[in-house]
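Single chain ahead, by itself, as structure tokens, in the form predicted on its own.
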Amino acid sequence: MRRDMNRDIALLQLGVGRVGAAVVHIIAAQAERWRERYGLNVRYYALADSTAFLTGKQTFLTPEAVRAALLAHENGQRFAEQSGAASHDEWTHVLDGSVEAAGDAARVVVLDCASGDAMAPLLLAARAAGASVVLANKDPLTGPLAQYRALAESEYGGSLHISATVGAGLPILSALAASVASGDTIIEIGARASGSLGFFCDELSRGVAFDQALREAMARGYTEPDPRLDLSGFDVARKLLILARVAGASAELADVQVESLAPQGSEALSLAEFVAAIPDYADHLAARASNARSAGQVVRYVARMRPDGELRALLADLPPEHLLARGAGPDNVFVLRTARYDANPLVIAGPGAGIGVTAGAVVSDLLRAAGVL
């Protein structure tokens, strides 16, 4: 059913990597349907990669220009080398231009599909102006607590949507936010929040050696290009912090206790040196996994917010029937225990990684920001 006949949205998208490019393709494929069904006209004002912005210079990029820019980028031509480029230092002009082109900051949505915190000033300025922000990028949410709060709330309107940052769009953050907003009390949160470590721990629990498990996870594309980023537990720590902050905790990233699974000393190696040395780590964690098997348990890398507020990301020995031991391979599992869901906690599980599901979560959040969902 068609709704408002005049719902124009100007997009400013940061990041056109695998997830970002998938977002662009989904929006291009669905734009006409949204116009017909919702009266929603979504247009790009600017795209940014790691080198520059591409803008329409006070007007919108045509669909043809967006397709051409993305195709050129996929063929190795960075935005800084393309016509219409503006440096990252000009972000204030780009944001102001998007508001001017839209006619109202309330009609601007910033999609952050990049990584890192370099564009946090743009996101903060967008929220302060009353624009909406959709994040797949976890870094802006795990900076200082004051920054998180400024992104989450703006007296000038707009909204923040972060479904893609934890669980690749599984509805854990919306369930958590709804529980808090409705007056429920969050007692404890448990999570298997890493697809790569989920697969890796499954393999260890089956008796597969560390080096073989890691190489298989890399071959399947479950890990970051540098798998030590996964093994460090840092990504799980960031997700736990986001969960805790949505639950109302006044926590900083330094408050999360993190157990690294990376072999001791491996952080000092270059990526090439580490990859070459992987066979040398065959026995790493072997005793830990073997002891768990002997006790009839499995190893799982889990994140926990305890009732006392303690935040930990660690390798745990769990009985196979434990809620956090369930699921297979890269699946994510979230266990939410609240005053209302105490004896029987709320469990949300499913694919916790993948370009398609993550991009879909970003687009769904875009539609929420536009007031469609």
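Throughout, we count residues from 1 along the sequence that is shown. Since we're looking at a predicted model, the values are computed, not measured.
Quick note: we don't show the form predicted in complex with a small molecule, though the next part is all about it.
S.K.: Just one stretch in 339 to 347, 46 to 54, 303 to 311, 326 to 334 has heavy atoms within 4.5 Å of the small molecule in the predicted complex, so which one is it?
M.R.: It is 46 to 54 that comes within 4.5 Å of the partner.
S.K.: Is G360 part of the interface with the small molecule in the predicted complex - any heavy atom within 4.5 Å?
M.R.: No, G360 is distant from the partner.
S.K.: Residue-level question: is L151 within 4.5 Å of the small molecule in the predicted complex, judged on heavy atoms?
M.R.: The answer is no: L151 has no heavy atom within 4.5 Å of the small molecule.
S.K.: With heavy atoms only and a cut-off of 4.5 Å, decide whether H73 touches the small molecule in the predicted complex.
M.R.: Residue-level check for H73: yes, a contact with the small molecule.
S.K.: Is it the case that A249, even though its partner is missing from this view, gets within 4.5 Å of the small molecule in the predicted complex, heavy atoms only?
M.R.: It does not: once the small molecule is placed as it appears in the predicted complex, A249 has no heavy atom within 4.5 Å of it.
S.K.: Which one of R215, R78, R293, H93 is close to the small molecule in the predicted complex, taking close to mean a heavy atom within 4.5 Å?
M.R.: For this set of options, the contacting one is R78.
S.K.: Heavy atom within 4.5 Å of the small molecule in the predicted complex: which of S194, N137, S98, S132?
M.R.: Only one listed residue qualifies here, and that residue is N137.
S.K.: May I ask whether G15, A114 and I355 all come within 4.5 angstroms of the small molecule in the predicted complex, judged by heavy atoms?
M.R.: Heavy-atom distance to the small molecule in the predicted complex: all three under 4.5 Å.
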